[in-house]
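First, one chain by itself in structure tokens, the form predicted on its own.
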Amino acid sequence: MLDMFSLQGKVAVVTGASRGLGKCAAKALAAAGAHVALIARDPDRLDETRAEVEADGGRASVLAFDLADETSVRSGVAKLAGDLGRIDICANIAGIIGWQPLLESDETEFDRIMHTNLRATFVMSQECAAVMRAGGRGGRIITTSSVLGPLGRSKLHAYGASKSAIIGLTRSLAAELGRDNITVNCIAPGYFMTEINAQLQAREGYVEAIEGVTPMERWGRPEEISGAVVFLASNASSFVNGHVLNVDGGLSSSFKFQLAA
């Protein structure tokens, strides 16, 4: 049974692998047997991830570029496919967030978030799908939305739009690529103790507020994304396609609030 979760002989491309959920996803895929190609902007931090993967007995390679640069994404995937001979898993984990009141928002910031979160996911998926289709072995594409994907949130216009759009993109890709045995599924994380949320955690009372509305009454630990990623990357999910998997401690499926004592 556990063989269904094995990724031995597979090549996994992981974006956002230098920190947070992306780093944990990369380490989990490597622990399951995949060679992980680590992608992010910071080569030094990618080297740290690679060192951790290799210290645990895994295999990894590093390719640093800006996901908002379409040319770099396309040439980067081509290089990985050439160097590694195949791509079986594309895990789009990278993402950025930006808080701006509507009347203070600007198009530059909006475009930066949309390009990094949504456009890069589209281009990465497109390029990796082409490699998977040419290889004839099928594949797995994983996207990352958010607990806020189907919801609205004040001052998170670009982020919310990008995460909502990723859900639609996931389902569209799943409908088209399923015939090639390429599944496309989405992970929607809740609130995790990661660097991207550091600004939120620093706000007085915010940590406690999230704990108050989450049924498990705590924030997620980054490593708790690992099981979902390995499941969606493996044969254990071979007939799961177009699905949005919430990893949020129950926040999105419940109505919970605390009354003052």
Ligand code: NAP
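In this text, residue numbers run from 1 along the sequence as written. Everything quoted here is computed from the prediction, not taken from an experiment.
There is also a form predicted together with this ligand; it is not shown, and the following applies to it.
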query	finding
Close approach of residue 12 to this ligand in the predicted bound form, 4.5 Å, heavy atom	no
Touches this ligand in the predicted bound form: residue 96 (any heavy atom, 4.5 Å)	yes
Residue 42: touches this ligand in the predicted bound form, heavy atom cutoff 4.5 angstroms	yes
Contact of residue 242 with this ligand in the predicted bound form (heavy atom, 4.5 Å)	no
Proximity to this ligand in the predicted bound form, single hit among 230, 53, 67, 37 (heavy atom within 4.5 Å)	67
Stretch in contact, per heavy atom within 4.5 angstroms of this ligand in the predicted bound form, of 100-108, 157-165, 77-85, 177-185	157-165
This ligand in the predicted bound form reached by all of 22, 146 and 190, non-hydrogen atom within 4.5 Å	yes
